[in-house]
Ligand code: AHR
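Single chain ahead, by itself, as structure tokens, in the form predicted on its own.
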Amino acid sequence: MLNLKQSIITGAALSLFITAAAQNKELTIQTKKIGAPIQPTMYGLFFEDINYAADGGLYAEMIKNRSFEFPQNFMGWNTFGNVELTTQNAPFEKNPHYVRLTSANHGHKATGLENEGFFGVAYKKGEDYRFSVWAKSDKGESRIKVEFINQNNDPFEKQEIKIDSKEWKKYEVVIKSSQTVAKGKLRIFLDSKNGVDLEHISLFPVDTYKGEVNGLRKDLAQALEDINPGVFRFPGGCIVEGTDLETRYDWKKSVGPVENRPLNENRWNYTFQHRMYPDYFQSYGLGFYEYFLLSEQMGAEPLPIVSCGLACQFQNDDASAHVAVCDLDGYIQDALDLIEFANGDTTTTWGKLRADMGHPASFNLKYIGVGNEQWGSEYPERLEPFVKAIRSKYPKMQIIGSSGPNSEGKEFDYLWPEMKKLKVDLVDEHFYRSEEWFLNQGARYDKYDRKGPKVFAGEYACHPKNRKNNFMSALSEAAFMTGLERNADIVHMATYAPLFAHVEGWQWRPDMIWFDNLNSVKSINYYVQQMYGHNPGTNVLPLTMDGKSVSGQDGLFASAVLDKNTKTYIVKVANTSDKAQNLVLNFNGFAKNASAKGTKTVLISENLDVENTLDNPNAVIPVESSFSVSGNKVEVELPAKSFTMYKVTL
């Protein structure tokens, strides 16, 4: 059942009946010819830390530069009085900087600092927030005062914390907000004559996803779970490659105690100079352990991606920017160690670390991707030793290779045969294309080689000219996805991209979920993904019109599946034409006197450019209604520019 904020039309029980006029088009669903199984991983999610998707987004930490490790160490902070940055006897080796606050030596002066957060620090009235800090007193007892500051620069919550040790110690307090503030700050005063040292200053909402302490923002993570994803690909994307190898995403730096995970420069901070964010870094607080845990909590198969030793080829033409094939041993070992971290017994080095972090049981990792959008001979020659090493140690692990950054063309045509030679299990295809491309690709996978690797449509989204998440882009994706479903024997995974975007910090669009610091909105594209994600079925059923699969004729796209578990027949039909169309759904195999109940879910808009926004989040959402079936033929009318899903349970 769809978990949607939707209008439910019941009662009138729309009767879609039996006798069809001769001029109606007929879709024939062969209910007795059960086809290819649909993989549980068929519809999933792809996460990349772009558009402030992690720090400032899904990762619920509210403090920017909490350990003073940005290249400009006080970026995100304002300081006043006697504040000193130091590394002397630091508590955390990988985050060596901390601040020392000493008295301003005057009764009417003050020492302290305040944090601007990510586009402001937001508070919700009645919500609890967990402030924590690692601290020590320079002598005896010290005190600090923590304040919540609103947009008028007024403090509205205050809490005193006694620092009672000369040794580093973690202090924590929960503060309830009495106001809703969109763009506030966090302020800390030294409130004693004795000085104090502060490190890893942190503020989280108490109410995180699943109540995790180093947790995720609840509304954003819940939106992911509500799609019912079968697979979760992380951490990217291009950040796996890095602008250079030094700034690639290194999974080993993202695990262990969160206070000792080093800072990493986000490769997207300078990439788009018209939308630069030079303060965009990765704290690694949302690391590989958290990604694995989120996958488990959502019920999705984890799919980590590791570097193959190639930095981003778009940004590095010089071969010296990449790791030579003969020097790949460390990268290959990283991949093997990652599998051990996910699945290894607690007696192994990396399995023990996982257990120490709170998860003794295996994460049951089954898939690993090597490389992202690499191309040319450089990629397969580096992929080959990874494949050999992984196959040797973990023969059941499924390996995913890449067909490059394009959906067709020279590099695509070169890489697919190379992936077959290397016998990877799946090939990751990426396509960010126009509405026209998506509507012309309805039969894309009909003639793919069934004997080679399977397909992972790992990054795709319809890009209209205005790059909006408008209705037409969502309808184009819905139409295209009928072709994925119809070819589930060769297409085993598909994930829309990118996933998140902060309305004040985006660099790329369209994106599935938009948010500010207080609210989030699900795009129309999100609801298409959700309709498929909640209704994947277990097996493909043949569906034809005039003896052919329905992949664009008269603007129609259709697929049918059976859910064996619930004995439900599901038909998805997109009408991308400008006119309503009368159809007959012929459930060939139903008894002529069959009687059943069904539901119809429709996504429709007369305004093709409309979007769901923070101000109008329900501009276009699926509308569900009930109907009854009598016999084996159902007469329906498809509105122009609509996507409709019919579910019939015998």
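In this text, residue numbers run from 1 along the sequence as written. Quick caveat, the model's predicted, so the values are computed rather than measured.
The next section is about a form of this same protein that is not shown, the form predicted together with the named molecule.
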Q. When the named molecule is placed as it is in the predicted complex, which of 614-622, 65-73, 43-51, 28-36 ends up with heavy atoms within 4.5 Å of it?
A. 43-51
**Q.** Interface residue in the predicted complex among E290, D197, E477, E459, criterion: non-hydrogen atom within 4.5 angstroms of the named molecule
**A.** E459
Q: With the named molecule left out of view, choose which of L186, C238, A488, I305 has a non-hydrogen atom within 4.5 angstroms of it in the predicted complex.
A: C238
Q. With the partner left out of view, is E429 within 4.5 angstroms of the named molecule in the predicted complex by any non-hydrogen atom?
A. no
(Q) Although the partner isn't part of this model, could you tell me whether Y249 comes within 4.5 Å of the named molecule in the predicted complex, counting any heavy atom of the residue? (A) no
Q) Even though the named molecule is not shown here, does W268 get within 4.5 Å of it in the predicted complex, heavy atoms only? A) yes
Q) Heavy atoms within 4.5 Å of the named molecule in the predicted complex: does Q530 have any? A) no
Q: Scan 489-511 and note down the residues that get a heavy atom within 4.5 Å of the named molecule in the predicted complex; none is a fine answer too.
A: A497, P498, W508
